[in-house]
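Each of the two blocks below gives one form of the same protein chain as structure tokens; they are labelled structure 1 and structure 2.
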Structure 1
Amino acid sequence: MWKVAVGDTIALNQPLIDIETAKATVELPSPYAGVVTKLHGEVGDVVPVGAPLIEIEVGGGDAAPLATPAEPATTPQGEGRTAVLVGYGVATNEGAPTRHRRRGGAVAPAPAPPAPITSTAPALAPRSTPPVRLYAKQHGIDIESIQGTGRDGLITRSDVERVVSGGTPRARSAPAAPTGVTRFVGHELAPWESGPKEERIPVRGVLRSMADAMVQSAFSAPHAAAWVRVDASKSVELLSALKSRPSMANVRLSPLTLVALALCDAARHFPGINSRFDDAAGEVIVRRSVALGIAADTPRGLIVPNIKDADTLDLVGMADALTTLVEKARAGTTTPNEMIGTTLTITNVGPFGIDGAMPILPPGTSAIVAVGQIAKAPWVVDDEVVVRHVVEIAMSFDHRCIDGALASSVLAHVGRFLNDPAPALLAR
């Protein structure tokens, strides 16, 4: 109930109104002496804390608005507090997300430009110990560019030492196979919803190598491509039959094993495919030994280690060589020597559920074969549509030295091999 009216002359501490708060009905004494010029709110109104309640003209003619006190009181400044039963109330501006002070004394400085974000997933921060970090820092080496060789990819002092002394760090392994969905250029990306709108990933390490290689290749070797679809049903049957043999229990066979053998076999028949166009020397170099590169997707990115003298391997030998290559790549223990000298390459995009691809040549090679998925598909046999295991084999080649005829011959050879692998295997 208002105890004063507009026009009343009131004294300091004169009761103005009864306010019912959460805990009691209290009389509000006027903090000013003067003349009431305005009342805000009717009896029964709920007035928010801090809202004007009454205006009083004090002496000099200025109206002094009085805000509703918090419960039990506002701050001495009378603002920004949420009532509780005891004390001035809770400061509401305390948690305002504004920086007021910064170490060094600057008050509310301009926000610093955002630092490039290298990784949003803490799990992917390179693992190392503080002294090793310090050691790397002291030598101006970014710890993120180092591939750890310790347990679970730990970056050890010797890893840093190797970089310091100019050696090549080995590929870093990951504790678990990453999903292809969030991993990109060797980084684990945050989910779409929670990641930043724009994320910048520095180009270095494996990514830098891949980028340089691809650019070098794409802009020096004119790429051409050819592809073939093959009924690989017999390959599938053969693999299935071999896998069930006890003697093959420890051999990991896959369609890739057969493709590798087929490509090597094709090279023996058409050595031109196993060549290199050396522009600087003005030569085309034909090699009669296949260093078979296998594009491997690792947690740190794409690397292409190779199997030396792959053309000499039999089925079991090829299977074992592939197994070893993949395991080492995943574990990050591929040696530099295993990364150089590739002559022919296979990239296996089948596991991704893809039918075909047109790959770019690794520098220094003239052909790369992409193997798609082997999937059941309608196939015409003797004018009848039947279901077969079908695979698409594609090849990119350096058109400076390899023409369409050679490429087609090689592809056809691979196709025939896969279409009926037994005779081809027996023929070797």
Structure 2
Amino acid sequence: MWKVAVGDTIALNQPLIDIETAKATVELPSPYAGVVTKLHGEVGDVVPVGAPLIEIEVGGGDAAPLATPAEPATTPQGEGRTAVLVGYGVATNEGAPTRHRRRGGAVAPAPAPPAPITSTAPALAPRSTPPVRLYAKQHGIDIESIQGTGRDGLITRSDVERVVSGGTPRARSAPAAPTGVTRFVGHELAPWESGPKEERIPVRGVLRSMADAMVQSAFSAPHAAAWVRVDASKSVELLSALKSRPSMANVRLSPLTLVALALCDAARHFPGINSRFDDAAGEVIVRRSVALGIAADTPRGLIVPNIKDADTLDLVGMADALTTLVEKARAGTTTPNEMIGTTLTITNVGPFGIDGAMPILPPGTSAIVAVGQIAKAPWVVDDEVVVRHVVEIAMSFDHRCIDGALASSVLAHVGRFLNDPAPALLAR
């Protein structure tokens, strides 16, 4: 979606457009200040990487074409200007880098500074970074209402966090978020009463990637499933005790942390679960390094980034890795490298109040574990019915290489780990 139009006067780092890839939506800031002279492409168009995206008239009257982000550009963009890596830009207009061309040993003079922005120009967006703007949007905060405390008035994440927590007054009241709005396949849907009778959503970006992957998996791998209910009371008690320790104050521990450790521990005991079926080669590949995929619900839809070498992490390392993974997924900053090479996957439906699920395998993997909510339930202990914290763990697996015996052994191992995690953690 374009945020500028032809004829607009724009500032350095002003948002130009939202670009949707197969993995995330990226807000592209302008590396130049000047006037927009041409836009290449309409909303919904597929633009090849490196093709011209927008042309900007910078100081001296030259038009600087800006290409879609890929590698840092090395060709001059307008007389005396050198393209920069999109998303970083330069600190100020006065400090903009220039390219000097030698003609007979002489150095060409630096270009004239861009013309000042007149009072008739459209209002410019407040200076910030794309992740901070997205973070504000996710919390229903109008970023224009925030007074920045960073350099030259830059709005930082801390500024937004203070507004979210109520610690800093806003410059002016932000509009209230619309009520009844829900998200579906990465799009906001209007309430039932006020929305259109029929709405069509283009299948592209994250939605297209998810749809293609699920169809490929469903029709190429014969799925089978197994599940187990576990008394996770000791896991709940351990997490509560650890969270009360001052040394763990900055560590975000959750039941998912223990489930991730349990699944990695099971893979070390039963390496076959960390395998994939290579149909083309007629081989089953067993991998002895776990790239643990975590299904993440983001504003753009479902994505599954992974934690490399997750089997080497301890409790704190796993907690920190999960925190980083989720924050980057929600901010739209997950890198392509973090989306490839998954060997085992966890999908956590517990936060939605769901007891269990039977997920579809991500392509290239042979097992995925679904974790339900941990809830109090009647449980038999020493022939007496008591109240315990119970969770259901389910596994879908590729029956071409993983049979019921292996899947059951892995689930039982995960169950024993969650039933009494302390010994397993001390044994690492």
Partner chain sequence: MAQMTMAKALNEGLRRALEDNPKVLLMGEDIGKLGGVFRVTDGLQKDFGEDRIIDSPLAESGIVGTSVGLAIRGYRPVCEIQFDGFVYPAFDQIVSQVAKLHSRSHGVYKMALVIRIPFGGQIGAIEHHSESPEGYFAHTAGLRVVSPTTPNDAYWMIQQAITHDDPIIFCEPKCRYWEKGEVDLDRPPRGLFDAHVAREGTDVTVIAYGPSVRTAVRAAEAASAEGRSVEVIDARSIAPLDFPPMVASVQKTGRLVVVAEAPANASVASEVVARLTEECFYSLRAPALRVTGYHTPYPPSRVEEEYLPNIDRILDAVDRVMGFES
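Structure 1 provides the reference sequence; residues are numbered from 1 along it. Rigid core (definition): largest C-alpha set, two forms, superposition within 1.5 Å. As the structure is a prediction and not an experimental result, all values here were calculated from the model.
Answer for which single form is the form predicted on its own: Answer 2, the form predicted on its own.
Threshold 2 Å Cα movement between structures 1 and 2 for residue 276, core superposed: No; that C-alpha moves by less than 2 Å between structures 1 and 2.
CA of residue 10, rigid core aligned, shift of 2 Å or more between structures 1 and 2: Yes, because once the rigid core is superposed, the C-alpha of residue 10 moves 2 Å or more between structures 1 and 2.
Shift of residue 161 between structures 1 and 2 at or above 2 Å (CA, core fit): For residue 161, whose C-alpha is compared between structures 1 and 2 after core superposition, the shift is 2 Å or more.
Core superposition result - C-alpha of residue 35, shift between structures 1 and 2, Å: For residue 35, the C-alpha ends up 77.0 Å from its position in the other form.
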